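A lone chain, given as structure tokens: the form predicted on its own.
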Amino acid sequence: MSTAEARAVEQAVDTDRYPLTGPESAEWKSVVSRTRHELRSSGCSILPDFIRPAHQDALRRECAEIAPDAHYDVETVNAYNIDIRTPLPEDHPGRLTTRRGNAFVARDRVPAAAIIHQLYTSELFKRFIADCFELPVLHELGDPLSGLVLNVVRPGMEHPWHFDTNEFTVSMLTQEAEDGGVFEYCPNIRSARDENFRDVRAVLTGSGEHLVRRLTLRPGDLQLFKGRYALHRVSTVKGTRARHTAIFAYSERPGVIGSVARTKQLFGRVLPEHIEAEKKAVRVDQLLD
């Protein structure tokens, strides 16, 4: 990252509250300590007004300008993002389906000068996020489409219950809905060794309300989330304004590229890099998704 790019990030981020340039400072250690505690206890931590209020309108505007480039494909899905025709037992939660109406702007449609792109590629930001997740280092995805995306949920649509492919997710609301569009999640509802189908089914059928937590997010808030083991969704967006969220995808290992099927589902296209990577794919666990 150049000096100019680093300066742009420091200007956009409230470095008084979140000192990206001071990893040895008391402020850094305090924020990281609190974030780690929240991630351990509930799998989610919110850093409010991570982007300075003076820059939040630019953040919203930049993302709104690329939102029309989102790939839309309303389809019937299940919580595991697997083919709904997959043979499963009668009471399996994967048999419960809903409409997925959210859309994604791929990384290659995000301008390099945009605040979210500068954040995603910032070494200062990556070092801070890695420390919060108690990891030695984080890498940008090698995927030319899914490393950095803008999630768009139009009025009348939702991002239905699902699990993330990545163990952790970093995101930032850039435009809130007029109504609805609430982030809901069930922390640690499954583990790498236990799918816990009973509780997952309870949430999907509406009888597991006691397992659900809800968050009020505002534009400029940074969200750190462990979504591999937490069932989560964005409820139906209401009103006339779409909900926009930037998603920063990182990995503990370099060169990670998404699967052909998942990439096609999200972006409506795949590139040669995805086809080549599919030949070498190795799973890190045996979870359904």
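For clarity, every value in this text was computed on a predicted model and none was experimentally measured. A residue's number is simply how far along the shown sequence it sits, counting from 1.
What comes next is about the form predicted together with a small molecule, which is not displayed.
Asker: Could you work out which of Y80, F104, F168, Y120 is the residue within 4.5 angstroms of the small molecule in the predicted bound form, going by heavy atoms?
Answerer: That would be F104.
Asker: So the small molecule isn't shown here. In the predicted bound form, which residue out of K126, R154, H162, R190 has a non-hydrogen atom within 4.5 Å of it?
Answerer: It is H162.
Asker: Consider Y185 of the chain shown here, and say whether it contacts the small molecule in the predicted bound form, taking contact as heavy atoms within 4.5 Å.
Answerer: The answer is no: Y185 has no heavy atom within 4.5 Å of the small molecule.
Asker: Check whether T245 has any heavy atom within 4.5 Å of a heavy atom of the small molecule in the predicted bound form, and answer yes or no.
Answerer: Yes, contact at 4.5 Å.
Asker: So in the predicted bound form, does V234 come within 4.5 Å of the small molecule, heavy atom to heavy atom?
Answerer: V234: contacts the small molecule in the predicted bound form.
Asker: Work out which of the listed stretches, 28-36, 237-245, 58-66, 43-51, brings a heavy atom within 4.5 angstroms of the small molecule in the predicted bound form.
Answerer: Correct option: 237-245.
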